[in-house]
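Coming up is one lone chain in structure tokens, specifically the form predicted alone.
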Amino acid sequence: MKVLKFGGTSVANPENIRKVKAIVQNLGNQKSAVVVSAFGGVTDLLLNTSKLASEQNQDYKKTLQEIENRHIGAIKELIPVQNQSAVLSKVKSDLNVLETLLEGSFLIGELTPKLSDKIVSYGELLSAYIISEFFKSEGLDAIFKDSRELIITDDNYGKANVDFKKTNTHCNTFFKSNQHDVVLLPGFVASSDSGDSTTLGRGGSDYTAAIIAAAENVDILEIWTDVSGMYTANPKLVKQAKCVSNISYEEAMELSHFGAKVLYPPTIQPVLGKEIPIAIKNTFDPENPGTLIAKNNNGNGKTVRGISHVDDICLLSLEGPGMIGIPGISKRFFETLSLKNISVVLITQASSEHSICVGISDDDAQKAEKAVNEAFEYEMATKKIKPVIVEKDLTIVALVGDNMKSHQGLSGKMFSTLGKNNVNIRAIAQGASERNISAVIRKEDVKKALNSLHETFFEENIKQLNLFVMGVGNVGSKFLEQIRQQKKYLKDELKLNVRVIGISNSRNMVFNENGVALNDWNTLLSQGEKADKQAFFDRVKLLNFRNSVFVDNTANEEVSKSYPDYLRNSISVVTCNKIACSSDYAYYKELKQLAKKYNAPFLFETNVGAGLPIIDTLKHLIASGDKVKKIQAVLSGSLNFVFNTFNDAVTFHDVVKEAQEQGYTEPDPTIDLSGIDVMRKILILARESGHELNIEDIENEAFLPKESLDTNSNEAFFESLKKYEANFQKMYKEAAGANSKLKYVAQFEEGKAKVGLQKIPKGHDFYNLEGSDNIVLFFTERYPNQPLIIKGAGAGADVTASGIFADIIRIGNY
């Protein structure tokens, strides 16, 4: 004989019930016991209806009508018209009894556990009867059998304990005499010795099937559900979760205990002793092999087999100096909870005996707090023990695997992964068997925690980066295109899965939790919601993705002020915006400290030299113990382009205009030509060298007339350049006459920095610097005479975007 159980989703509607029939029909003449749950959602409706009735709320009648409509509708769709009369009569009779029970609850304004069990049992009783009649109408040799006549329990209503001796006897007697191929049984329901209806707990239909399977010592128990087996994590929360093909009984118990909803935890107990395998199968994909649960089925020595979680947990903590060395405190604590029928799901205690902490259901928090405070009232009054501390809105996440005990470093790997993603751990527990490691975290962090852990333990070292990009002008649009082009390479070669989750410009912003389509981001952004910097940050924080990176491609001061908010939430920041790092030294230092404190990289390579590895090189010099003595540099690609292009055959105005059109200057060209941009860059290099310096400390030898610097629009600025063309021609001729070239040079030495236009003679490292190239000379203790030189393109959207891209890869390798 074979035992099959079909869950609520599998029998949610007539279409699904036909799929169940096809699966059972494929068994041929093999005898089978088919256990079914209530139609999907009906148990919740029954619980809600009984609650409304007990509160004397007349709305219970509407919910009852909905329950009736579901069952009558199923009969009319599944059963041929000529066979409907008897079935409708029986179901309506049962519904009338149900109505009477609810009326009783309404009249007395009370719902006892005994009455509740009687009411909710109708979900399974009705579904099993209707499905059995449907099977008969389809030509199957089927019979309905009330599980209450087979499974005997105590009177612990709501979650009754099975009397296996009596149950096994009843099952053996019935199935030995049964002549039918298919026996339809309602799951979840049983009866007490006195004949009252009892239930086996939510999810108890699995348990019903296991009880029957063990009683009849069948070859295999099949649990049919809406997923193809047990997964490495909840696939609804972790998209990359994979089906586990085989798993041991112990691992399955741990996973089901910690929230793997495809299996009710007590299900394994009856079949474990008889080593009856359990197959988890998908009703909607019956050919899929699913998961096989069996003895020593531990996946070829793999360490972590799954990651699971339990929601709606609260921590109950008892602590105080009066607990140390006092026998019986723990006994009283747990006894108090036990007497209130409160289940403890996690225990942790400090070795100092100063505190005990347990995890319980949120629903029990108020009851537990009151009971414990009353039990230890004397100790609390004498200040030996503090009033119990209750922390709510928590979740337990657990790593599960039989082979975890033989591998070192798993705990460290787990906690390190959570820590890097700003997931705060409130409590830790590990059983002596070392089959699971549990951590209590904030409920809001569960998705990030599960995905981070799954990435670490199951995804072949592929790391997912979730980008939130602000600014999609010249640089930003090039950056997005580079990400699009290189996505496959990054995943295949660097094991980085880079997704852009959010994009914003000054007008609109758009988000997609699965990644914005980068081949059409422009259209999607134009159709997005109104841009708002605070709303953008709030959305990033709310999504709470692992490995989140905020990418600032703007030159906006307000955006740069938002960096602390991101860093405090362990969201990395990558920026080409120089304002933050060149603002007040205290703010620069704060950003660096926040990055360290919250383990969130703050990278700004493109602040100096666009895509050139100038800052990165400087960091390596400092980290290796070298000391910077002097920095000389041409740091403005735009100014270098201007002075390389300017001569007596063109006007200064036309050259600057061309530089702006080609994207070498900032949108406001005075930022470049005033020298402020170069001042910011040398300031950043000085700071990264370990010196405390502010922008006001840098000497600026301006070459532009004051009138040009004081203009308040680009139009006025360019007009002023025409007015002073003679001045610019004079500068050029003086340099040419001295066989030199004009270069805008930044210098830092002995704690002082200055910027200005210089005549560079032939033979100097700066003389042959072409186009928009930058060059930096680092004179250090190790490079005292011949400097370390970094040279290359220092301006332009493409190279700046590539510099941002490089910072993203650095974070990926972090």
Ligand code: ASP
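Note that residue numbering begins at 1 and tracks the sequence as displayed. Remember, predicted model here, so these are calculated numbers, not experimental data.
One more form of this protein exists, namely the form predicted in complex with aspartic acid (ASP); it is left out here, but the text below deals with it.
Residues S636, N640 and L742 are none of them found to lie within 4.5 Å of aspartic acid (ASP) in the predicted complex, as judged by heavy atom distances. Contact with aspartic acid (ASP), judged by heavy atoms within 4.5 Å in the predicted complex, is confined among 570 to 578, 720 to 728, 421 to 429, 197 to 205 to 197 to 205.
In the predicted complex, aspartic acid (ASP) lies within 4.5 Å of some heavy atom of E124. Aspartic acid (ASP) in the predicted complex comes within 4.5 Å of no heavy atom belonging to V34. Remark: T43 counts among the residues lining aspartic acid (ASP) in the predicted complex, judged by a heavy atom distance of 4.5 Å or less. Interface residue remark: F188 is counted as part of the site for aspartic acid (ASP) in the predicted complex, having a heavy atom within 4.5 Å.
Only one of A38, A746, A53, V776 lies close to aspartic acid (ASP) in the predicted complex, with a heavy atom inside 4.5 Å, and it is A38.
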